[in-house]
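Only one chain is shown below, in structure tokens, and it's the form predicted alone.
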């Protein structure tokens, strides 16, 4: 569904590149997460792939269309949920979706059903200008599904949402994936990416440093650890020990033999820990790319 080679883009048409020599592919039905801090180039990459930015250097195919020769038909096949909501404030929630569905040539979802899906059906008749930031974000998310997209671009889909609503959004994404929707997720949230994605790409300073599955990354860069809680001298203690280091393996054996263990479970490296290890950068989020 996506195949790009050597994408390079400069907003000032100079050597100050927002992205440089980006190459990756996304198969039909996959969730690909592009991970990086603010300013890394995630939104620039998404802008090119969705036709909002004109391709400068490199080549690419998106949903069967050449990025250098875009067609209106492409926009019937893709959906985009922006991090920065851009709904029409003077229109109601329902009117926003009714208006947007008229822009597409093919079959569309029922607007009220989408509002129910994201928990906004009770305010369907209220103007979007009265909505909170989180409600506008959910309306933008719902709007991105109205044309039943084959390829779905999600930019920080859970930002600014409370945990219950964020969990609901994740469930919707997983449901769409099960029905064959291809998804490109751009985020700085490693936990979200780990839950949803089949493949991840680490992007820093406009360069794609690495692409792999979360599982492969954890096997390659993570340590085999076990965290154990146990009582010693009537005090509850916690230790995290390596299953590779011989000295720590012996220490774990001693704790087990003492027989006062409360809990014990393996601990794998998080994607964020791996990201820092690979790129040398932390994920600090301030504003959109």
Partner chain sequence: MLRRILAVTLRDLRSALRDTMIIYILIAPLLLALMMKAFVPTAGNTVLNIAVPETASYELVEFLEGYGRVELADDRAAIIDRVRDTDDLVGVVQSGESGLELIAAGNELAGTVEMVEAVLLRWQNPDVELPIDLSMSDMGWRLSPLARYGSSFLVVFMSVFGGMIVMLNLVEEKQYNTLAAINVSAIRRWEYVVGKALLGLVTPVIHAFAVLLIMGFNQINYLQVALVTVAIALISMITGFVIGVYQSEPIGAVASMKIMFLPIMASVFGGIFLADKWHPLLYWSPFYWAYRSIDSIIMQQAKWGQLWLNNLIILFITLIVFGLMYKRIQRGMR
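Every value quoted in this text rests on a predicted model; they were computed, and no experiment measured them. Numbering follows the first chain given and starts at 1.
Below, we turn to the form predicted together with its partner chain, even though it does not appear here.
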Sort through 91, 123, 211, 165 and report the residue having a heavy atom within 4.5 Å of its partner chain in the model of the complex. 91
Just to be sure I understand the contacts: of 215, 101, 170, 148, which is the one whose heavy atoms reach within 4.5 angstroms of its partner chain in the model of the complex? 101
Does at least one non-hydrogen atom of residue 202 fall within 4.5 angstroms of its partner chain in the model of the complex? no
State yes or no: in the model of the complex, is some non-hydrogen atom of residue 113 no more than 4.5 angstroms from a non-hydrogen atom of its partner chain? no
Is it the case that residue 178, even though its partner is missing from this view, gets within 4.5 Å of its partner chain in the model of the complex, heavy atoms only? no
4.5 Å heavy atom contact, residue 158 to its partner chain in the model of the complex: no
Is its partner chain in the model of the complex near all of 72, 76 and 85, within 4.5 Å of a heavy atom of each? yes
Which of these stretches, 102 to 110, 115 to 123, 215 to 223, 191 to 199, has heavy atoms within 4.5 Å of its partner chain in the model of the complex? 102 to 110
Taking its partner chain as it sits in the model of the complex, which residues of 133 to 156 have a non-hydrogen atom within 4.5 Å of it? Please list them. 143
